[in-house]
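Below you'll find only one chain, the form predicted alone, shown as structure tokens.
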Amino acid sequence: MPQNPHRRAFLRTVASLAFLPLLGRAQGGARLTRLFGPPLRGPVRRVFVAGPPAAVMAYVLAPEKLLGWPTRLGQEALAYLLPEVRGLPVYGRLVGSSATVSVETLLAQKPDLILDVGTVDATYLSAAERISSQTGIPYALVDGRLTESAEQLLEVGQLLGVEDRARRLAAYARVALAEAARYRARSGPKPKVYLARTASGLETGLGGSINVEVIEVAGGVNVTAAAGRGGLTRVSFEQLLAWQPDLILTQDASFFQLARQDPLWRRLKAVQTGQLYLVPSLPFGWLDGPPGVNRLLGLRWLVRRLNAGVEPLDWRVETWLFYRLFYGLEPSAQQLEALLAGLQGG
């Protein structure tokens, strides 16, 4: 009896998904990193990053090995990075719907390793296998969940041959994550939080989105999870009125100004009570943009904003320490003032 075509498609999908965990091979002892393509031929000296989270990871661990950026960084962001990386070329993204890098461009850079950090699903596993097969270049795909930041640093640090530096950064990550876990485990009501992206403020992440995971890791509730699970999405203002978040977070200065003045946004209790925060976004976002290890400082801040009784921090000191440790640059008094201006709420 001939099979229903929909059933055949379903069976092919099931077979494909069953195969996916076997794609790639775990790095020696690694839990989060899967390697595709040929083995590394020697020390990694040239790293091509597949997207923004990988760029942050490569920069904080071994900026001298970074071949270029996946997106253009503005002059304001570059001012917080080491001078030697400010003039690196912009190659674009290697995977995803906005990928722009050709195989020819990739081969011309002669990287020792392609590094990708972020979501690990069927799409990214398949892309890693395809690109490594086409180019013959080793490809490392690393699970980029925030709660795994310490292990990510250690595993990528081992790949890049910078284990000592990776251990120092991972130690900071462990402190931030352990602190968050203690307060996240507390019983009782949790604050409802909305992360407003873009100048309109109506783009955000659904439940399970890597772009907003910092909210739940810090002990809050992502109000947009009520609309379902997935990635980035747009919501209506009517939905926001119904959800009435306790806090609204944004990294977009245009939206921050708009929401404080617009009568429509002022209908939200969070705006009326000054619980609207402009969170720093330079050189990388404290909460997102990209969803990489850059979020660890934002996590420490958000834990204190969402949970009572957490030991306070001097944010000028903590920010200076984090930027020196992760970005290799000591921000000036003026830079610190500019970074922290929106954290008082508005």
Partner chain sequence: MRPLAQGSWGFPVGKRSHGVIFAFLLLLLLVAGVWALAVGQYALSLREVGEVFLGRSTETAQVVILGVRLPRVLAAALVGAALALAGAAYQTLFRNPLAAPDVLGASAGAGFGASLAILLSLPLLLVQWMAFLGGLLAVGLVYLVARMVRRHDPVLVLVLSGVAVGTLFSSGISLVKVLADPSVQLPSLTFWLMGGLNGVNAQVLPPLAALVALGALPLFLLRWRLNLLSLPDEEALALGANVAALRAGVVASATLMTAAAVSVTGIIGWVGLVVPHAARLLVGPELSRLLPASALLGGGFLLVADTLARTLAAMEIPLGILTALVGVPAFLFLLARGGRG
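Residue numbers count along the first chain shown, from 1. Being a predicted model, the structure only gives us computed values, none of them experimental.
Note that the form predicted together with its partner chain isn't included here; everything after this is about it.
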property: Whether 202, 241 and 264 all lie within 4.5 angstroms of its partner chain in the predicted complex by heavy atom; result: yes
property: Stretch in contact, per heavy atom within 4.5 angstroms of its partner chain in the predicted complex, of 227-235, 157-165, 170-178, 107-115; result: 227-235
property: Residue among 126, 134, 198, 102 with a heavy atom within 4.5 Å of its partner chain in the predicted complex; result: 198
property: Its partner chain: the contacting residue among 68, 63, 289, 283 in the predicted complex [heavy atom, 4.5 Å]; result: 289
property: 4.5 angstroms heavy atom contact with its partner chain in the predicted complex for residue 254; result: yes
property: Partner proximity in the predicted complex: residue 217 to its partner chain, non-hydrogen atom cutoff 4.5 Å; result: no
property: Its partner chain contact at residue 190 in the predicted complex, heavy atom, 4.5 Å; result: no
property: Interface membership of residue 145, its partner chain in the predicted complex, 4.5 Å heavy atom rule; result: no
property: Neighbours of its partner chain in the predicted complex among 48-76 [non-hydrogen atom within 4.5 angstroms]; result: 52, 71, 72
